[in-house]
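Read the single chain below, which is given as structure tokens and is the form predicted on its own.
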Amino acid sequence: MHKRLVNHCTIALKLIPDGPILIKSGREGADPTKPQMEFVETYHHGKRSIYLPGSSLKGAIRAHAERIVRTVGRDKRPTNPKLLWANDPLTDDYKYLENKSPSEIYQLSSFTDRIFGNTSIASRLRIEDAYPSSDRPLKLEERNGVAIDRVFGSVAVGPFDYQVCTEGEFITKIHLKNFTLSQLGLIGLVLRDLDDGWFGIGFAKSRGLGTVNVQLESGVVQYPGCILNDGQIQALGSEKTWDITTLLGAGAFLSEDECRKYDFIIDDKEDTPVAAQNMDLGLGVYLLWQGEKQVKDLFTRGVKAWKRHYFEGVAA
């Protein structure tokens, strides 16, 4: 499936600390004036700056996506492949994917593995590193802590000091390629829960660190193999056309045989209030959602497809 590119979604967002957050460096620095646990740093715009690594954000998002799917679906591979399920990446040996064709591997993989990848299929989701915005200055603090011995109630380790960020905002983008609308819906649910503080990012989440607010800036869905023709979206190389205000999942671009082979939803689409426009250079079309309200509307249509996917699996 990754040999073609039928659709691509980019969500631009800001992560705003709702309390102290720390994504710490893996080793202690040589500077004695800095805390023992430092924020990860890199060079950005010509100077050293803290940032939120995309790999850390992706790990937190994947873990919560699996939690959501296990809540309404299964935590083990069911006999009915249409049921939603999420495996345990730490214990799954993926032996059931050995010596299988690409389409069989995709069918046998869990709903979340189809988004984030496993040992046999590539991820279709990518998150950029989140860098500080110049609109809201960062505020870094140093705090102290100790580790308590659970048997004796005394100090086991410490005191130690660590660096946290308590104010500012970080800009990042989430990219999703060859996505189904139900996969887009699940990402929307995860971002909603992150904004509500149901889970956090980085160090010491169980001690109150890591909560952030999510500010949705824009969402762009692109169909690189389509053009606008007579007020409709037309897929090049096929006779498929759709209304100009149609949100299309990957299954909409495939033949019925290909959808059944990979277990994609046939005719995966939703109406939207947003109209498609031509991409640069005159090839490809895109739909643009701007601002918090519109991007939430985009995710709402994805969640609608996700719920339909769930109930169709239960009924099968």
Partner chain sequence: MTNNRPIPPRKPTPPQPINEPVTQNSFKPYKLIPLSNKTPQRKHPVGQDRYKSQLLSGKLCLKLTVKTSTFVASGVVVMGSDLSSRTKNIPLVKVAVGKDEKLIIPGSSLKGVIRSTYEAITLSCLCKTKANREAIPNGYKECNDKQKLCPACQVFGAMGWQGLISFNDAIADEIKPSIGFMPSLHNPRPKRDGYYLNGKVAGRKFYYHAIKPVDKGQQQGIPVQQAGNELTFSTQLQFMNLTKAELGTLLIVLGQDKNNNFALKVGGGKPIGMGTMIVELTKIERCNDLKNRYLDYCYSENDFLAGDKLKQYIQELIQASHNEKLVQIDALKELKEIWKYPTTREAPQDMY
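Quick caveat, the model's predicted, so the values are computed rather than measured. Numbering follows the first chain given and starts at 1.
Here the subject shifts to the form predicted in complex with its partner chain, a form of this protein not shown in this document.
All of Val151, Glu167 and Arg207 within 4.5 Å of its partner chain in the predicted complex, heavy atom check = Yes: Val151, Glu167 and Arg207 each sit within 4.5 Å of its partner chain in the predicted complex.
ask   = Where, among 115-123, 137-145, 238-246, 97-105, do residues come within 4.5 Å of its partner chain in the predicted complex by heavy atom distance?
value = Result of the contact check: 137-145.
In the predicted complex, Lys307 touching its partner chain (heavy atom, 4.5 Å) = The answer is yes: Lys307 has a heavy atom within 4.5 Å of its partner chain.
Contact of Asn178 with its partner chain in the predicted complex (heavy atom, 4.5 Å) = No, Asn178 is distant from the partner.
message = in the predicted complex, is there a heavy atom of its partner chain that lies within 4.5 Å of any heavy atom of Lys296, even though the partner is absent here?
response = Looking in the predicted complex, residue contacts with its partner chain include Lys296, since a heavy atom lies within 4.5 Å.
request  = Classify Tyr131 as contacting or not contacting its partner chain in the predicted complex by the rule of any non-hydrogen atom within 4.5 angstroms, answering yes or no.
outcome  = It does not: once its partner chain is placed as it appears in the predicted complex, Tyr131 has no heavy atom within 4.5 Å of it.
request  = Have a look at His44, Arg67, Lys269, Arg260 for me and say which one sits with a heavy atom within 4.5 Å of its partner chain in the predicted complex.
outcome  = So the residue touching its partner chain in the predicted complex, by this definition, is Arg67.
task = May I ask you to choose, among Leu22, Ile11, Leu15, Val303, the residue with a heavy atom within 4.5 Å of its partner chain in the predicted complex?
result = Of Leu22, Ile11, Leu15, Val303, the residue with a heavy atom within 4.5 Å of its partner chain in the predicted complex is Val303.
message = Need the contact residues for 184-208: heavy atom within 4.5 Å of its partner chain in the predicted complex, sequence order, or none if there are none.
response = Those in contact are Gly188, Leu189, Arg192, Asp193, Asp196, Gly197, Trp198, Lys205, Ser206, Arg207, Gly208.
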